[in-house]
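Only one chain is shown below, in structure tokens, and it's the form predicted alone.
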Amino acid sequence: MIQSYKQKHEISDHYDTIIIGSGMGSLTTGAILSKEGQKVLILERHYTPGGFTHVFKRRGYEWDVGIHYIGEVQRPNSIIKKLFDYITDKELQWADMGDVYDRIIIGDQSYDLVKGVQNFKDKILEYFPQEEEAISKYVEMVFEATKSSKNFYLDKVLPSLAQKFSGSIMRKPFYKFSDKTTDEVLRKLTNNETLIKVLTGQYGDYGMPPKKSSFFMHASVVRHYFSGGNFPIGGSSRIVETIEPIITKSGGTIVISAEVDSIIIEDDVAKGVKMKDGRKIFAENIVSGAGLMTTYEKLLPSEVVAKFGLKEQLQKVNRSVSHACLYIGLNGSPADLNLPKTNLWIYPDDADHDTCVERYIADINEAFPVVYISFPSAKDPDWSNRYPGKSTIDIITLIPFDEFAEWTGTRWKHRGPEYESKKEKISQRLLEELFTQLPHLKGKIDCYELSTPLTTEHFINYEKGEIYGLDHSPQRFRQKFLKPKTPIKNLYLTGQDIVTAGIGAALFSGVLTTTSITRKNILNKIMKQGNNLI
């Protein structure tokens, strides 16, 4: 007998919809379908639900794995705010990080990104007083690019016939921005290398430096944070905790430690799932939030993959970058330790972002191309109620998967002394970066633990430990198959692969997926209901 992660419901043999994985896209899909009256089953192979929104606890601390900050949730009429309110019945609350959400540090110089569009422009202009025209044009293009995506995303849920006749027209304005790299766009605005480096200082949020990333992806992230950064009050585990009651209210449930072996396909129709223990569970619709590559390479029968040409699709996209994260526990409250809420993005000052990445990939003993430092315990006003006298810090950097490939197939926590030694070297380097910025924290660290790409592979089931699913190159946005509906009847996708990187995008993917399943204008319904609630 399989039971839900809160041990409330036994599992039936049939559901309206089965969802594989419990990341943000899956949770959103499950909550919306539940509000449409469906009985939903969400299956999570990990021992805790949430995907990149989950937390883990160790040594008297709690760390948020993937939620570092979210934009738009303080604006009452924003889509993201209304979506979160809808799928949590307004139970999920957010804390504002303050005026400065990101600080870009290049060598010995720092540049603050401040909330509010005009404030953002004014602040950047203070740093670069000769670049007023470039800065104004840049912000204008960010808005133009994000605005162009509306019809691009709508096209993803149109019926095939409508896509055939009007899809190219709907996508064309979007391609004007997505086909160009971030570097191409910015170099037409300015030749100031430092300004370019500062404006692209959040590239870690989508994992690709300026010469490789699509300008649309860059613009999407920048626009997302113009209204500031926010953190869930009570930690990111509150996301699952506030969504789960919506799902159970309609008779559905979220199950943990429940790994799907394969999707059952009969006569070219998705019928259900076969679990690792051999049990079969059936549903009218099957949704995979496990990522495009995992779904097609691991969950579908090989003959089905061949029949529908799915391998050819996979050859047109690439995996995003892999990473390492150092989770740190400290003695002392965030106030005692004077921890900031502002995220720190730290870069070398001797080359552009792409050059720094290239030399590091060639030799990871070179300077880190990017180091991101987040202070989750300082961002969460409820933290000290749960963990008095304690604090946490997360430090993230890029790590090529190949650096840990020799340990592929080994068990988590049992990878051997050489693996641990390599982790310790990286950990010490990251700690040096922390102490350079906040030297007063020396002697305050109680514990730390480094995750590697193999950790991500183990918990998220991304084969190469990729953090953002598919990469966000211009080519990625030309792939029409990155949409909720697959060629297999009643099999759908959700999550960041059908939209873009990030929690906000994964949230929106759930809207697209449920729109495809129900053939209703789900977004319009949510926005209208949100207006009635205000």
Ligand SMILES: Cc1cc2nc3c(=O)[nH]c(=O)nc-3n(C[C@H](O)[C@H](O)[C@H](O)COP(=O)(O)OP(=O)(O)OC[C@H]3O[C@@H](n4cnc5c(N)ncnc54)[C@H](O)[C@@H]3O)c2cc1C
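The first residue of the sequence shown is number 1, and the count goes up from there. Just so it is clear, the structure is predicted and the values come from calculations on it, not from any experiment.
Below, we turn to the form predicted together with the named molecule, even though it does not appear here.
Check all three, 176, 219 and 361, heavy atom within 4.5 Å of the named molecule in the predicted complex: No, the whole trio is out of contact, none within 4.5 Å by any heavy atom.
In the predicted complex, segment of 55-63, 30-38, 479-487, 462-470 with a heavy atom within 4.5 Å of the named molecule: Contact criterion met by 462-470 only.
Residue 290 within 4.5 Å of the named molecule in the predicted complex, heavy atoms: Residue-level check for residue 290: yes, a contact with the named molecule.
In the predicted complex, residue 225 touching the named molecule (heavy atom, 4.5 Å): Contact with the named molecule, yes.
Interface membership of residue 67, the named molecule in the predicted complex, 4.5 Å heavy atom rule: Yes, residue 67 sits close enough to the named molecule in the predicted complex that at least one of its heavy atoms falls within 4.5 Å.
4.5 Å heavy atom contact, residue 503 and the named molecule in the predicted complex: Yes, residue 503 sits close enough to the named molecule in the predicted complex that at least one of its heavy atoms falls within 4.5 Å.
Contact residue in the predicted complex, from 145, 326, 260, 330 (heavy atom within 4.5 Å of the named molecule): If I apply the 4.5 Å criterion carefully, the residue I get is 260.
Interface residues of 378-404 toward the named molecule, as seen in the predicted complex [heavy atoms, 4.5 Å]: Stretch hits: a single one, 396.
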